[in-house]
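Quick heads-up: it's one chain on its own, the form predicted on its own, in structure tokens.
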């Protein structure tokens, strides 16, 4: 049974645990934990750090949603990394070649991104449904392959354009870009609004549609779902495609809001961050948003630690501890909740005078 304890306590315990362990690491290294934490928080209110944090969190949020869709079906889609990079390079090439009116150009680019992500996710999905191949193994292989695909496509002999020492795809025209939202000294990605809509759609699908119910039921128990008439293979295929479709949008905030091109040196590893963010957010869209903001804050504010002669890698340690402790905290809270439920049932049966043979207390 889900309760506020199983939803809120694990991530809170994980964060507290990470703060304590990181403080111990700082003390051992001779640094002042309070000064380090104060510097990181203070950095948030300087320059455009807050806006940059939200922009980065938008990317992490989309990645977390893509992973969470798979988690709902007990699918460990570790291939979000490869799916979003494949979608990004294909979208950048086609988006740069298209000449369409404003809005239509953007819509066409987003459709290409979703379709590309779904196409790359279809490979492990079909392998799993038809041959029983673990999606973990197949997606790891596809993550490695995508690096070669990007390098091949962005080559100057294919679709790359050499600009100085940099090589990337052709720049997307202004009609295909999403305008930013000026805030203070920075500019928020306009895609943040689309990301919020995707999060709302994800919540609606899971909680207000039959498909969402069947998806969660299949994730909880494939056997029970099959007994209820749910086609587990079909749900696996659809869940993987949906996950890939959302993964295809991961690079779009930066591609359509800042970079307008995609190359070998474009940022990577968003897919793996999405796994941590989805775990931290307990697969809930609001929880994923908070997890994405926390992750982005640690990334952006870590640089400020060098001002007080503290290695910025301390933020990486904190992120690693959060991931590790969140898994442990979820299990501890789940077991505590289950034990409490068993005690309540035992007391209820004892109050009704049930016999031992009926499951009552001795």
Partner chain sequence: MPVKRQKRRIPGWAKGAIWGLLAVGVLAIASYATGVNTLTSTNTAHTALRLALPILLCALGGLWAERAGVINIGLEGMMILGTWGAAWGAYHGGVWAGLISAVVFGALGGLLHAVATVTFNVNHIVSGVAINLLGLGVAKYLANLIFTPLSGNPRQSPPVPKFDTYSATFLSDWLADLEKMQRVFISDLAGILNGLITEVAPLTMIAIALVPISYFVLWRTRFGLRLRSCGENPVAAESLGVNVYLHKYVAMLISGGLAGMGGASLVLLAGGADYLENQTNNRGYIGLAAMIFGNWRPGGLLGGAALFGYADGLQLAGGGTAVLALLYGAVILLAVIVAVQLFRRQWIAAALGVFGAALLYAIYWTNDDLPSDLIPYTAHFVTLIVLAVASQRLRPPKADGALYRRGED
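Numbering follows the first chain given and starts at 1. Just so we're on the same page, rigid core means the largest C-alpha set that superposes within 1.5 Å between forms. Since we're looking at a predicted model, the values are computed, not measured.
The form predicted together with its partner chain exists for this protein as well; it is not shown, and the discussion that follows is about that form.
Subject >> Single option in 99, 131, 210, 234 placed near its partner chain in the predicted complex, where near means a heavy atom within 4.5 Å >> reply: Of the listed residues, the single hit is 131.
**OP:** Could you spot which one of 137, 217, 119, 173 gets a heavy atom to within 4.5 Å of its partner chain in the predicted complex?
**Re:** It is 137 that has a heavy atom within 4.5 Å of the partner.
Subject >> 16, 179 and 195 each touching its partner chain in the predicted complex (heavy atom, 4.5 Å) >> reply: Per the other structure, none of 16, 179 and 195 touch its partner chain.
**OP:** Verify the contact flag for residue 186: yes if a non-hydrogen atom of it lies within 4.5 Å of a non-hydrogen atom of its partner chain in the predicted complex, no if not.
**Re:** Although its partner chain is absent here, residue 186 would stay clear of it in the predicted complex, with no heavy atoms inside 4.5 Å.
**OP:** Flag residue 60 as yes or no: does it have a non-hydrogen atom within 4.5 angstroms of any non-hydrogen atom of its partner chain in the predicted complex?
**Re:** Looking in the predicted complex, residue contacts with its partner chain do not include residue 60, since no heavy atom lies within 4.5 Å.
Subject >> Partner contact for residue 294 in the predicted complex: its partner chain, 4.5 angstroms, heavy atom >> reply: No, residue 294 stays farther than 4.5 Å from its partner chain in the predicted complex.
Subject >> its partner chain contact at residue 35 in the predicted complex, heavy atom, 4.5 Å >> reply: Looking in the predicted complex, residue contacts with its partner chain do not include residue 35, since no heavy atom lies within 4.5 Å.
**OP:** Choose one stretch from 24-32, 60-68, 47-55, 296-304: the one whose residues place a heavy atom within 4.5 angstroms of its partner chain in the predicted complex.
**Re:** Heavy-atom contact with the partner occurs in 24-32.
**OP:** Would you mind checking 306-341 for residues with a heavy atom within 4.5 Å of its partner chain in the predicted complex?
**Re:** Contacts from 306-341: 311, 313, 314, 316, 317, 319, 320, 321, 323, 324, 327, 328, 331, 332, 335.
Subject >> Core-superposed C-alpha of residue 335 shifting 2 Å or more between this form and the one not shown >> reply: Comparing forms between this form and the one not shown, the residue 335 CA shifts at least 2 Å.
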